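Form predicted on its own, single chain, as structure tokens, below.
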Amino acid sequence: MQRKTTLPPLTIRGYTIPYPIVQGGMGVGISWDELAGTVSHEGGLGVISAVGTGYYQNFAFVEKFAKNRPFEPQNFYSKTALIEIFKNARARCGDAPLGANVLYAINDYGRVVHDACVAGANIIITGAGLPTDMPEFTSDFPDVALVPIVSSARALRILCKRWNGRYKRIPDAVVVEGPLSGGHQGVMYEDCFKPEYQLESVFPEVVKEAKNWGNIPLLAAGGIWDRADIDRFMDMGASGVQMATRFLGTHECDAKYYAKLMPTISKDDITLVKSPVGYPARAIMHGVLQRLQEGTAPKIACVSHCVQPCQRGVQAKIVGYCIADRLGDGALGDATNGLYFTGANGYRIDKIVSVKDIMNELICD
């Protein structure tokens, strides 16, 4: 039963989400079947991260290991495991819309997008790069909605021109993300702190650009925390919001160590770090980041070959850690070697609650 709210539903390519709240995709192992399936069950859009599906409880689906890690992209991005995650999520949410998040910077991007369609994703969201060829990999699945993440009006303009010219298609919705989000950012390190790159400044510009391409639903993301934030951006023209960090503080978060970690951190524990992906990333000064400061971080061996910009470990050695190994350790609850992403508001999580509690708080006036 839909709960009483003044928030309108969100419609993306024929899929109706009762409440205009999209749970941001978080990997490795943070938003998989339990979290994403529960969010969709509670009326939002649950989003399964396709990153590192060969990790965590899914080792059984990995065909080849090296150094106890999923070997090469076909195992790190396991199709069999992704299908299993979707099957388990469907058991929680039934026929409700369910999304997948596939980073553009990964190796095997096109294959993983296609795998997500096979697994049953209704909506695919892509960030960490500008997915100019995204529609190419979903041609066999015309009903799947495509939602890129942009951080500027210029990026949206480039994307729409390319998609319209090549594929006679424009995005079914667009996530507009500011630099307060967790994980990888869409701007350079120094720009993350400039007023003109903040979501409040960027969003109105994207609204204007979107009007040139039709009625594209826009989702505000990056630092969205409460109902006041939702109302503020919907008043600015948003059709909904994407939120990730709030869901780190839930019982249903698939990476269970976050329930122990999040209530203990302060604002000063959250920092921007360099990443092998080539973008600055927001993370908690914990685990491997502390070991980097101490000079005791684990040695780097590129086993999973997870992202193109890393160049098989070249960039990992420059920044001091392998992102696949360390996010994988984080999903496994390794407090010493794990890497833990969060948005700028992560320190506001003071207790662990249910997804239902958060949804009730967000939708009720």
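Computed from a predicted model, the values in this text were never measured in an experiment. Just count from 1 along the sequence shown to find any residue number.
Another form, the form predicted together with a small molecule, is not on view; read the next lines as being about it.
Undergrad: Is it the case that P20, even though its partner is missing from this view, gets within 4.5 Å of the small molecule in the predicted bound form, heavy atoms only?
TA: Heavy-atom contact with the small molecule at 4.5 Å: absent for P20.
Undergrad: Would you please decide whether I224 lies within 4.5 angstroms of the small molecule in the predicted bound form, comparing each non-hydrogen atom pair?
TA: I224: yes, in contact with the small molecule in the predicted bound form.
Undergrad: Even though the small molecule is not shown here, does G37 get within 4.5 Å of it in the predicted bound form, heavy atoms only?
TA: G37 lies outside the contact set for the small molecule.
Undergrad: Would C192 count as a contact of the small molecule in the predicted bound form, using a 4.5 angstroms cut-off between non-hydrogen atoms?
TA: Contact check for C192: no, nothing within 4.5 Å of the small molecule in the predicted bound form.
Undergrad: Is it true that D33, G44 and N122 each have at least one non-hydrogen atom within 4.5 Å of the small molecule in the predicted bound form?
TA: Looking in the predicted bound form, the three residues D33, G44 and N122 all stay beyond 4.5 Å of the small molecule (heavy atoms).
Undergrad: Counting only non-hydrogen atoms, which stretch in 150 to 158, 70 to 78, 230 to 238, 179 to 187 is within 4.5 Å of the small molecule in the predicted bound form?
TA: In short, 179 to 187.
Undergrad: Which residue, V277, L248, L82, L146, is the contact with the small molecule in the predicted bound form, using a 4.5 Å heavy atom cutoff?
TA: Selected residue: L248.
Undergrad: Considering non-hydrogen atoms and a 4.5 Å limit, which listed residue (A173, V113, L103, V202) is close to the small molecule in the predicted bound form?
TA: If I apply the 4.5 Å criterion carefully, the residue I get is L103.
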